[in-house]
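Shown below, as structure tokens, is a lone chain in the form predicted on its own; questions about how it binds or moves come after it.
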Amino acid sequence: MIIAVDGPAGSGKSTVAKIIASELDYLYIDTGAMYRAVTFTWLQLQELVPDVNIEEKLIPEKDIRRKILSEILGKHHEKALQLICENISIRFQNIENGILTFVNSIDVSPYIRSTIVTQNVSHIASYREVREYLVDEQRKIAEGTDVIMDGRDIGTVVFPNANLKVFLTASVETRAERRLKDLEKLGEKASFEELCAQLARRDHLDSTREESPLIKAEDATEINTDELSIIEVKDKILSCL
């Protein structure tokens, strides 16, 4: 059984998918965390991520790091991202209060939800090299097991034959309020207006990109989460099974 949950940033995909995975004893695959992990690696190689306490290099080989940086400086971003994807391994680990994300055995969970990663993830996700690599990884992880997976293109690209497809929506204002609360938990500050603008920009990038744009699958059930609690969203999804 494969459940595909798609929708824009802040619509509640990850939260409800984790709850359903726990309730049904399904494997939960956080595709957003995978794209964020690649984005964080991209930024960290360029030393663009402040306040990161990682002593080891995400990509330990000096020659490869040097080659990636050379491609970035030469504006050959496709080649740089291809090299990053060829030299990292992303895995998850379930813990009592959530899921840890690792890049080459280094826990990057505390950093991938930061503002700078959020501001860059849609851009990095727009590259074909990144999407092809991660879609292949997602299919491998899901092979032979019951899975719930959330993202932007799960029901249209990753698993077009999923048993159940759900498309969650919410207004920009509702999603900005949710993001504001998430940032407060991380100790970061942002204004409501700034978050609304960022989400609107991200929606535009996600829905207009050439590679795997954010669109609702024709056979997906659409659920607006504006006025619903996360438990109500969960119950609506489960009622479709």
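Residue positions are given as counts along the sequence shown, with the first one as 1. Predicted, not measured: the structure shown is a model, and the values here were computed from it.
As for the form predicted in complex with a small molecule, it is not shown, yet the points below apply to it.
Between 40 to 48, 186 to 194, 201 to 209, 53 to 61, the stretch whose residues reach within 4.5 angstroms of the small molecule in the predicted bound form through a non-hydrogen atom is 201 to 209. Although the partner is absent here, Arg152 sits close enough that one of its heavy atoms falls within 4.5 Å of the small molecule in the predicted bound form. Residue contact check for Val121: one or more of its heavy atoms lie within 4.5 Å of the small molecule in the predicted bound form. The shortest heavy atom separation between Arg179 and the small molecule in the predicted bound form is within 4.5 Å. Contact annotation: Ile20 falls outside 4.5 Å of the small molecule in the predicted bound form, judged by heavy atom distances.
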